[in-house]
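The chain below stands alone and is given as structure tokens, in the form predicted alone.
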Amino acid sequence: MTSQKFRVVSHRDAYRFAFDSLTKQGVSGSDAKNTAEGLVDADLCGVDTHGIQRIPIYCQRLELGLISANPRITVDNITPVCAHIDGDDGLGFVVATKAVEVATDRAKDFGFAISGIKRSTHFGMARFYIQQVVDSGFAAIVMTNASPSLPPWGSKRPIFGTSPIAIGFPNPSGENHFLLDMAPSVAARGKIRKAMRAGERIPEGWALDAEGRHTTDPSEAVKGVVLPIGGPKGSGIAMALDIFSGLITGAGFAGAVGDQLKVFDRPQNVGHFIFVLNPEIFVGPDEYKARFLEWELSVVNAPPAEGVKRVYLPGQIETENKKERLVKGIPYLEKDVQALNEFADECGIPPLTC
């Protein structure tokens, strides 16, 4: 593995860079704020594949009209607890946040609610949305589909995306919420592209090349497919996510979602599916609190296996990363900072400062 140089950027400057880039493309202040916060939150959590390095491609698609800078998002009230949302090809952060707000507001009255979304775009880190829900005291399941990169088990043809599912439950203590955010693939494509930029190999079992052969060369992996977790089990999860997010919502499905990095003749038509639940609905607030805290202690106090220092809740490592990086700054690959600053120069905005 090659030795990499990093540059540290404050979260405030990373946010400013993202905000300025988006408003330069005509995105409103409120929508740019929402999107910049989502991108920087990913970098703070250590999920830098979904952070500000995405800005250049978002801006290119905004300039081409493939992402709507000022979308007219519409909400069709199918039932009191079911909303069908047309994102009008807006930034995924904006569309999904609207869908979260709609579902959460209705769950306050009815105990649960669902938003099904079509005509959206890449929405970044799924944790960003379950965090919004648990901060309101509700539980959530958030799904999205994505452009084809993962095959049905046994095939070499990409049909499904590395589509994440995120599940969140609020911790009554106010800390260490349950924040599970996972893709059905062994690794995100963004990690493979990052390894390619860094001149590094990828682990065996991450991907196949275009001929369906296992490869550790990231440049060959991006021409082929990523592999699912757990073999056919991960493949089945990817299929289910595509049905929930695409097939039943009216969005693209079965390979029809456009690749934001490759397809420039049409919008992506990404679909999302958001379920919000009042976690106290069955047992009441006091019992939920007692039961969750008991559950939490049973997990984090479980004796570690050999070679393991401690047991974490899902999302806890990312939360600790965020606390540290808010103080110390966000480390970015030097090559990535250089590329982003070249983009800043083209846009006429101040560069990232390190």
Ligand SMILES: NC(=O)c1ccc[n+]([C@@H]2O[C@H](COP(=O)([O-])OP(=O)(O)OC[C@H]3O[C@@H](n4cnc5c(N)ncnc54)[C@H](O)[C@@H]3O)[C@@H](O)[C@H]2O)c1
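Just count from 1 along the sequence shown to find any residue number. Bear in mind that the values here come from a model prediction, so they are computed numbers and not experimental data.
This next part talks about the form predicted in complex with this ligand, which is not shown.
- Site annotation in the predicted complex: the residue of 131, 249, 115, 144 reaching within 4.5 Å of this ligand with a heavy atom is 144.
- Proximity to this ligand in the predicted complex, defined as a heavy atom within 4.5 Å, holds among 73, 180, 210, 82 only for 180.
- Put simply, residue 103 is far from this ligand in the predicted complex: not one heavy atom of it is within 4.5 Å.
- Within this chain, residue 312 lines the site of this ligand in the predicted complex, having a heavy atom no more than 4.5 Å away.
- When this ligand is considered in the predicted complex, residue 126 lines it closely, a heavy atom lying within 4.5 Å.
- At the 4.5 Å threshold, heavy atoms of residue 162 reach this ligand in the predicted complex.
- Every residue in the set 188, 191 and 317 has a non-hydrogen atom no more than 4.5 Å from this ligand in the predicted complex.
- Partner contacts here mean any heavy atom within 4.5 Å of this ligand in the predicted complex, and among 94 to 102, 115 to 123, 212 to 220, 74 to 82 they occur only in 115 to 123.
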